[in-house]
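For reference, the chain that follows is the form predicted alone, supplied as C-alpha cells.
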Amino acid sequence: MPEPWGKAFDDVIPEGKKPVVIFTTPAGQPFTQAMAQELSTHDHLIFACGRYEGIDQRVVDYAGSVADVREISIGDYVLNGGEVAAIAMIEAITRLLPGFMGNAESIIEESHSDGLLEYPSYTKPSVWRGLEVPDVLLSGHHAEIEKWRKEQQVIRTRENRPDLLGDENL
C-alpha cells in the first residue's frame, strides 16, 4: 500500500532538502564500489526496502518528486526483501566516510578500488600447515612486493572476474 510509505517519507524527508532515497530492487542499477564512493558524499541517505513483490511504483514516483531517487540492485538474484541489500550497501558506503576506518590507507588497496580484485593476503606465521608465505613478501624489498601484488591482482581478476579487465590486461 502506498499510503504508509507516503507518511513515512513525510516524516523522514526534511522540508526544503532533497536527500537520496535508495530503493533496493533487483530491477535497479548494479551497486558498485564507485557508486558506494559517490553515495558516501551525501549527507542524508534513506533506504526503502520492499518485501516480496516490492514497492508500489507510485511510491517511487512520489519519492522522486521530493528526493533524488536511486533504484539499486546488489546482484542478479531475488531476495524476499531489500533489507539485506540495504545492509550490504550501508556497510560499503559508511566505511568510506572520513574518519570511519582506523587506517584510511587500507581502503586504497582493496578490491575494486582500482578496478581490480585485491591481491591475496598473508599473516603470521610464515609457514602454516606446510603452506608458506611467498618469499617476495618476506624479502623487505618494497618495489618487488608492490610488483608482486599488482601481478596477483591481475591474475586473481582474470580468473574470478574477467569482466572487470580491459583489453590491455587480458
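Everything numeric in this text was worked out from a predicted model, so none of it was measured. In this text, residue numbers run from 1 along the sequence as written.
Absent from the display: the form predicted in complex with a small molecule. The rest refers to it.
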Could you confirm whether Q153 comes within 4.5 Å of the small molecule in the model of the complex, counting heavy atoms only? no
Would R51 show up as a contact with the small molecule in the model of the complex if we use heavy atoms at 4.5 Å? yes
Is T157 close to the small molecule in the model of the complex, meaning a heavy atom pair under 4.5 Å apart or at it? no
Is A92 near the small molecule? Define near as a heavy atom within 4.5 Å, in the model of the complex. no
In the model of the complex, which of 19-27, 5-13, 143-151, 158-166 comes within 4.5 Å of the small molecule (heavy atoms)? 19-27
